[in-house]
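Below, in structure tokens: the form predicted alone, a single chain.
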């Protein structure tokens, strides 16, 4: 039988888990996995449930809506691959990792196309039989360039946009079109060392760990809800170039983990934070 996922975001009340699972039981489905969390400061309840069985989705949604507090968010979806667009600039390491995982079925997504403002990664993309769209930013304003990118993105209607080292700052006009649907990998353990040349900053500061952060993109630079982070140890013998090399490895790992979590519907956004059911 097909696996289904239920995501619930609502005001906390006594007995919600019992009531929700009771509705599922009444519809004759079998729960495979269930996670819940209460944000106590906000008195807010989050729940993710995987289940199998034959059921009337409309009736199930209606029964849950009647049971739950007003303004509850209920997301009922099947277990399936998400459709995505990947945006890149010149660096190959994150794109290469994503493409390899896609080719061997380890990425729970369909890569519809790759968009870049440089030609550097065309050959890599086409080797994997993924459409590559080059949209130069030369002699264009940021807004003019983004209009062209948006037009290309919307031809594919992706569920998510993955910034695999896309080294251009997106305007609020762009990000507002895809709220909590743009995933970025940042070359730093945010909020430290934001902006350009993070490994030079780290080297000069004499840090003992460096890391990477995957996050949703919002209107503020590098300040969207964080999905995943990781670090690696460094020491005084490591040059800025060696730190960058280690950093690239961490970036690949963190981006891969974040994509897996998002594509498996394990991430729920709560303001500028995330609830992650790993």
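Residue numbers count along the first chain shown, from 1. Here the structure is a predicted model, which means the values were calculated and not measured.
We do not show the form predicted in complex with another copy of the chain, though everything after this point is about it.
Visitor: Mark residue 203 yes when one of its heavy atoms lies within 4.5 Å of a heavy atom of another copy of the chain in the predicted complex, and no otherwise.
Guide: Close contact exists here: in the predicted complex, residue 203 approaches another copy of the chain to within 4.5 Å, heavy atoms only.
Visitor: Classify residue 100 as contacting or not contacting another copy of the chain in the predicted complex by the rule of any non-hydrogen atom within 4.5 angstroms, answering yes or no.
Guide: Contact with another copy of the chain, yes.
Visitor: Could you confirm whether residue 249 comes within 4.5 Å of another copy of the chain in the predicted complex, counting heavy atoms only?
Guide: Result yes; residue 249 sits at the interface with another copy of the chain in the predicted complex.
Visitor: How about residue 226: is it within 4.5 Å of another copy of the chain in the predicted complex, going by heavy atoms?
Guide: Judged by the heavy-atom cut-off of 4.5 Å, residue 226 is in contact with another copy of the chain in the predicted complex.
Visitor: Where, among 124-132, 171-179, 149-157, 70-78, do residues come within 4.5 Å of another copy of the chain in the predicted complex by heavy atom distance?
Guide: Comparing against another copy of the chain in the predicted complex, the contact stretch is 124-132.
Visitor: Is another copy of the chain close enough to 21, 96 and 230 in the predicted complex that each of the three has a heavy atom within 4.5 Å of it?
Guide: Yes, each of 21, 96 and 230 comes within 4.5 Å of another copy of the chain in the predicted complex.
Visitor: Within 264-278, which residues come within 4.5 Å of another copy of the chain in the predicted complex, counting heavy atoms only?
Guide: The stretch touches the partner through 264, 272, 273, 274, 275, 276, 277.
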